[in-house]
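Encoded as structure tokens, the following chain is the form predicted alone, with no partner shown.
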Amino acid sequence: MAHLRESSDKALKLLRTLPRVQIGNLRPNPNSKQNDKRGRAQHGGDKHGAGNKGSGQRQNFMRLGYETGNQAFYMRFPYEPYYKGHHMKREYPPISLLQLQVLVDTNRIDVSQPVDIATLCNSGLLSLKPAELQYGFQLTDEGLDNFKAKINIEVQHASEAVIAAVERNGGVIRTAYYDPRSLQILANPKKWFEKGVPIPQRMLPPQDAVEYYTDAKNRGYLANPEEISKERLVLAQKYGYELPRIEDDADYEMLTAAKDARQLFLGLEPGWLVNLVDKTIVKLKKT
């Protein structure tokens, strides 16, 4: 009985502190009422996001390009042959002479060794996406007057002014073609070496690119070396600078180092296998 008396005293004490029961205090129990309709949100009301009548509510969508009986957009305008095959055209992401000088000044690339696609991608600041039809880098003339590096570089496209800027400092520039598979390997050499697969041969350029890479004016890798020497002198006379003699340079071996037309990596022949775990190179057996 004492326990019941204490409980009733506590209840009465609690009632004395609580406000009086009024209409403003009345509330239903939590979750005692359920709203049958959803609110006016993304799929609110009773339409379930399908709209109001018509083909949208019946999920009978019109085909792509159909304009409810009007002449379609792609039929209102004539055919432009300029865009023919645009989705198959090769792309060359730009890298300026200013960016190249910054990479040299910050020791991102080593100019004591020849520079190619693998060197630029391994800098961590440039990337190449062969799956998006990117076939290498083109060297642009931004920062032309401030470029001072002596470098042996291989790119895929370069203008006459860029070639003159590199050769004026005693450097060497070369334009070369790489097929998509070769570009995939050069963009991430470590990934390829981890597969344990021999280095493949580089493919020759397609028919529409042969003219560019066999022209000595473009410093193509398939051009005649004697014609390239003549064009170097002609370009120096045109732009008014004295052409440095590579033969007398202390870095003659570095400046004259070049890949074979079928070679991917300088110093590594096609068919060789690079083992990163054992740090060994498995070479082909000569017969």
Partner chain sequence: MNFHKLNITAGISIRCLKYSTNVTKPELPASFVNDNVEYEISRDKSGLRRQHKNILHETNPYSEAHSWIHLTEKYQRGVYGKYGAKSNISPQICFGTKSEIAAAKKFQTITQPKTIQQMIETARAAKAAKLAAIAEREDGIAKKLEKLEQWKADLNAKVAKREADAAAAIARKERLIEEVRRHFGFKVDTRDERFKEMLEQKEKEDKRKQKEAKRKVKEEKMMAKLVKQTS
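Residue numbers count along the first chain shown, from 1. These numbers come from a predicted model, not from an experiment.
From this point on, the text means the form predicted together with the partner chain, which you will not see here.
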| item | value |
| --- | --- |
| 4.5 Å heavy atom contact, Val21 to the partner chain in the model of the complex | no |
| Thr214 within 4.5 Å of the partner chain in the model of the complex, heavy atoms | yes |
| Distance check, Ser7 to the partner chain in the model of the complex, heavy atom within 4.5 Å | no |
| 4.5 Å heavy atom contact, Ser112 and the partner chain in the model of the complex | no |
| Interface segment, criterion being heavy atoms within 4.5 Å of the partner chain in the model of the complex, picked from 151-159, 187-195, 69-77, 82-90 | 187-195 |
| Site check Val102, Thr106 and Gln134: each within 4.5 Å of the partner chain in the model of the complex by heavy atom | yes |
| Partner-contacting position among Ala258, Ala236, Ile246, Leu222 - heavy atom within 4.5 Å of the partner chain in the model of the complex | Leu222 |
| Residues of 111-132 having any heavy atom within 4.5 Å of the partner chain in the model of the complex, listed in sequence order | Gly124, Leu125, Leu126, Ser127, Lys129 |
